[in-house]
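Given next, in structure tokens, is a single chain: the form predicted alone.
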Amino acid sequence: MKRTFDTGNAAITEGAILAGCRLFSGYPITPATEIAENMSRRLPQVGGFYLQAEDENAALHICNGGSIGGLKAMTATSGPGFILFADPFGWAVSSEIPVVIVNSQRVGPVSGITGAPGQGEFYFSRYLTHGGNYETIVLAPNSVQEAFCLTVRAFYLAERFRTPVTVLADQMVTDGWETLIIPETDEEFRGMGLESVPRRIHPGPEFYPASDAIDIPPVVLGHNTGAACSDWTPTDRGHDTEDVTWQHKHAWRLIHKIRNHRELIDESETWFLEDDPEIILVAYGTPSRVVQSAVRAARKEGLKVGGIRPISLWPFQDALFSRKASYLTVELNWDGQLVREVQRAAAPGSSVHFWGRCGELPSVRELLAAVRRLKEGKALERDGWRTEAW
């Protein structure tokens, strides 16, 4: 094992290289620029290619092209660039192109603040392209080490499901410095629970089967297979069609190849749920680290408090919220996004509350104060512009 002290951006880079990424295209944007810088240095060392694009839209199109040319590909950005992925992301979804997208969230809307963490793209990561009729996979790390592991996981899932996979990080994860452990042998790789799928070539002739099957090699052009790739609704052989019957089949596949195999995707971390807690704190990404500390502090006070951290955000893990309880979501935004899904999924009779802030993490003291108010049956109070009652 190689043990270093490095950033989340470096961890994502090394995870991608280890997973077999050999093409990176991107455009500089804080706080994800270091991923591009690191990839420009590392890829030539392993026989890969780095290409800076004129903008984020072009970057993801380049990654799509590289992927259907046979290379594992990745791009990285932050919120203002993430929105420009809408068109090529749709191409990747509809044409079933394996590609990995990293988004390091910062405060918004629009350009916001470049050096402050945010969580404003929770829903956007699910609905990044137009038209609907698809499902997507989103993973959310909360540490440097997990950024490494989930990047490897993203490539694994992208290959098995033939789809873009998003790593939804935040500025504190990508800019933060922590211990990073990198496996140096295949045995160490497997020992860390990591998995990889080599790029294969679909032989044809049915490139887009009307089924929910996974583990089908992706379309790779240039091998005399007769492969086709288009953003139009395809027949099973990839030919453009206006036949609505094929649209039904294609949309069903894009949705259910993911939903029907979600046991490969669903991942979460929970604290003290076995004690049937009355109050459950919910968070993803960096805020979940403070939430975990707050849950443990509340338990020391004798409060029946538990915690949930979704690691895979989409498809959303409704089953995590089957308990009747008082849920409090903690997010790095003002408007409340994760809270809306918790409200939808929570067991009947539950109450759902929201604690939000942008640009800085809450303190354990603040979260304990919110827990005590919920315990006493009191509504959360607005604290100026800093927190918002749901």
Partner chain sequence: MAERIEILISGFGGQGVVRIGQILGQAAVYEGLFTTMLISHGTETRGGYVRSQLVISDEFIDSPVVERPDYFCAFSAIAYGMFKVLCTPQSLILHNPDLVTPDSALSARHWAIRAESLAERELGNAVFANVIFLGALSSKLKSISSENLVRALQDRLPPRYHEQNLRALELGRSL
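Every value quoted in this text rests on a predicted model; they were computed, and no experiment measured them. Positions refer to the first chain, counted from 1.
The same protein has a further form, the form predicted in complex with the partner chain, not shown here; the description that follows concerns it.
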property	result
One stretch from 315-323, 287-295, 125-133, 256-264 that, in the predicted bound form, holds residues within 4.5 Å of the partner chain by heavy atom	287-295
Contacting member of D231, D236, D175, D212, with respect to the partner chain in the predicted bound form [4.5 Å, heavy atom]	D175
The partner chain contact in the predicted bound form: T179, any heavy atom under 4.5 Å	yes
Interface membership of Q337, the partner chain in the predicted bound form, 4.5 Å heavy atom rule	no
Contact test in the predicted bound form: P362 vs the partner chain, heavy atoms, 4.5 Å	yes
Any non-hydrogen atom of P205 within 4.5 angstroms of the partner chain in the predicted bound form	no
Residues from 81-98 in contact with the partner chain (non-hydrogen atom within 4.5 Å) in the predicted bound form	none
